[in-house]
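The chain below stands alone, shown as structure tokens; this is the form predicted alone.
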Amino acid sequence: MGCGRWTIYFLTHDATRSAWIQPLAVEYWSNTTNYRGEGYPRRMKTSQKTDDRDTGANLTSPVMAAFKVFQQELDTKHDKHERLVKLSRDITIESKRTIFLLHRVTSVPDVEEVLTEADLKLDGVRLNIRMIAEELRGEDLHQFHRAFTPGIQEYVEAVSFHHFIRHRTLISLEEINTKLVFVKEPEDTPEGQQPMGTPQVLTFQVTPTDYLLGVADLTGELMRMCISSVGNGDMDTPFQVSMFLRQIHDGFSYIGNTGPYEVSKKLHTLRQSLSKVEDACYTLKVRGSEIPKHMLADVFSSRTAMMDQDEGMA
């Protein structure tokens, strides 16, 4: 039955007079379940004055007072959550800018200058992480973890990328957490007086899950650096990156399905990055002498695009 209004007539019988009385019309809307009879009174609405009187009476009850406290606690928690989300976005943006800066190492003569500039950007990112540590003082970290985990993962990716370019190794979780210890000096005091209080130490600990997810994202940046370095005539970096990615892949394979769910999801992306780097190394080893160096980057880019299309069709 379609939408619309229908009118149904009911005949009522009077047993005392053995006669049919005037039919009763009832309106029916096919898209709702409401019936309205013309011969029945409508339900009375509660007056606004009654509601106001009841509300005023309930304000004095201990139940209303308790729920007022709950409301304040929830509002405080939601406000803190929104501040953490904003800080996480700022960390993500600055970390991505640091990664884009680090990709210039394949095309500049002075690598150390780029790394020094990246250090300054990472110091700015740590200031935002310090603000997160201040927000989480006295709070359960895991209660607000979902609010700032995207930014922390991006920071781990930027720091690990910076560490690999400088040392050709993977930074450990302990090394990352060592740089996230902050000292808060006591407030300024008038000249000639001793400072009140002692310096406070704020610490922020990156969780193992965030560390693993950040390292998994690092593999994509290493794959891009590998292709860019070949285009600039660097034939050693692809083989170093390939060996490094194999070690990371072996480590993630040991975890398997026993680790967090997000880690197993990124394992597929890690394998794709490793496959592209190995394909680049194969091309350099087998056909490197046949292809001019200035054309190698175009060859790798076209092969990478073909591999992406094949993976999308599979």
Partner chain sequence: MHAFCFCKFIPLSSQLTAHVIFQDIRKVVQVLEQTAREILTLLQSVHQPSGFKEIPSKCQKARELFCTVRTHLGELKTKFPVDQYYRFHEHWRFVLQRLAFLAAFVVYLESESLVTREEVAQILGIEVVREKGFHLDVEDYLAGVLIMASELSRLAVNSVTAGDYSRPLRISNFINELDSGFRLLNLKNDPLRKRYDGLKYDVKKIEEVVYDLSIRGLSKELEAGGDK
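All values reported here derive from a predicted model rather than from experimental measurement. Throughout, rigid core stands for the largest set of C-alpha atoms superposing within 1.5 Å between the two forms. Residue numbers count along the first chain shown, from 1.
Just so you know, the form predicted together with the partner chain exists too; it's not on screen, but the next bit is about it.
- In the predicted complex, at least one heavy atom of residue 250 sits within 4.5 Å of a heavy atom of the partner chain.
- The shortest heavy atom separation between residue 147 and the partner chain in the predicted complex exceeds 4.5 Å.
- Proximity of residue 104 to the partner chain in the predicted complex falls outside the 4.5 Å heavy atom cutoff.
- Among residues of the shown chain, residue 241 is not one whose heavy atoms approach the partner chain to within 4.5 Å in the predicted complex.
- Just one of 132, 226, 152, 171 comes within 4.5 Å of the partner chain in the predicted complex, counting any heavy atom, and that one is 171.
- The listed set 184, 96, 77, 167 contains one residue whose heavy atoms approach the partner chain in the predicted complex to within 4.5 Å, identified as 77.
- Just one listed stretch, out of 123-131, 203-211, 107-115, 152-160, contacts the partner chain in the predicted complex at the 4.5 Å heavy atom level, and that stretch is 203-211.
- In the predicted complex, the partner chain lies within 4.5 angstroms of at least one heavy atom of each of the following residues of 63-94: 63, 64, 67, 68, 70, 71, 73, 74, 75, 77, 78, 82, in sequence order.
- With the core held fixed, the Cα of residue 66 is displaced between this form and the one not shown by 2 Å or more.
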